[in-house]
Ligand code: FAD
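Listed next as structure tokens is one chain, alone, in the form predicted on its own.
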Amino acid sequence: MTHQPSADAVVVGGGVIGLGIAWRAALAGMAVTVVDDAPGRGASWAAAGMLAPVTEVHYGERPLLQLNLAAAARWPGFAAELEEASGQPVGYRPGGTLAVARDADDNAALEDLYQFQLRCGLEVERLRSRECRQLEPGLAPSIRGGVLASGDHQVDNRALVEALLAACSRAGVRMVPGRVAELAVTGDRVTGVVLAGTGHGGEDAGPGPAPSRPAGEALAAGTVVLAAGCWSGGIGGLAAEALPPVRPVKGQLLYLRGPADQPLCQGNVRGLEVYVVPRGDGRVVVGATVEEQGFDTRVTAGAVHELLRAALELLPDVAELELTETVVGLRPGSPDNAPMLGPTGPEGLVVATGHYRNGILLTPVTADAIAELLATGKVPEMIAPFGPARFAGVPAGSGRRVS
């Protein structure tokens, strides 16, 4: 087994959560290493980038709602800091979300959601069909009504990934391409990670074919942060009960493109079966399926059909757009759909996963809270309700819903 110099923290996983934590921890003066075989190209790349705590609110998830609202409030400042640190735009845009009903049944369901949002103290406005079309002229004439959540915004998730990678580089974060096979454990403490053999070289590899990375290469660390999304429950080296119960939830999305000077819609538009997110440069994201299909990453014709059908029912001009890309992401689901954040299992192990459909939204609060935990050893109050210990006894890798 070969060893590399010790880091204050090794972050397992280079999605927006792992990169955000690494950047913030490096700014706090820590030596940080991120291990990922394709940084930023997992669920973070496949997301739509909606920052929608209001329209994404679900029954039985009020504690998560408060965390989501706190994250949304941090986004403007976080986006500005990240753009300054990276020198790259992240595509943060206000604009709100308009949830609309296709028919009377949809309108009844939307009314139930609206009443629940009001009980939660959220700022929402009930609109008639004509008012909806005044806001979004491209809506189908058959739309029966809507609910406007002006506080919902969006960010370009792919621009966010690139900006985080640049900010990490500027902050001195060491990027190690590869995959973690297991955690290194000495006694009752995690002391680092052991890498699987890969066909990639290290970050200092020169031009030409990259040399293979030897299996068993170890990276020592004061703390290991497990932020590998839906793969976090499959890391070796620990007893099953010490790993987070997280599962993959498949989501298929479509990327469309039209004229930048003739936007399909001004803000996010969503129905009960689909959402449409305009980027402002002609790109449009249409998503997303929710499928319990394990680690399957196939794009299916049925999903593409259903997404396009549902989008066309809301915005008929979708038919004129170019279909440029189909993409699949695996969301990290937890038993209660809320993230697992904080120390767990042996000393020296911190978990930051299970963000499910809120990974992009929760990036600022997760990054700041976990970086604070790494620096002080204390769990910030904001994330205390989301400790991994609440799932004691749930098998690792299952992430199954609890009743």
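In this text, residue numbers run from 1 along the sequence as written. Owing to the predicted nature of the structure, the values given are computational and were not obtained by experimental measurement.
Quick note: we don't show the form predicted in complex with flavin-adenine dinucleotide, though the next part is all about it.
The partner is absent here; in the predicted complex, the one residue of L314, I235, A221, A71 having a heavy atom within 4.5 Å of flavin-adenine dinucleotide is I235. Residue-level contacts in the predicted complex: of L330, A303, A184, V124, one residue has a heavy atom within 4.5 Å of flavin-adenine dinucleotide, and it is L330.
Contact annotation: G42 falls within 4.5 Å of flavin-adenine dinucleotide in the predicted complex, judged by heavy atom distances.
The closest non-hydrogen atom of V180 lies within 4.5 Å of flavin-adenine dinucleotide in the predicted complex.
Using a 4.5 angstroms limit between non-hydrogen atoms, G15 touches flavin-adenine dinucleotide in the predicted complex. By the criterion of a heavy atom within 4.5 Å, L341 is excluded from the residues contacting flavin-adenine dinucleotide in the predicted complex. Residues placing heavy atoms within 4.5 Å of flavin-adenine dinucleotide in the predicted complex fall in a single listed stretch, namely 350-358, out of 350-358, 372-380, 22-30, 59-67. For the partner-free chain shown, Y275, A288 of 272-311 come within 4.5 angstroms of flavin-adenine dinucleotide in the predicted complex, judged by any non-hydrogen atom.
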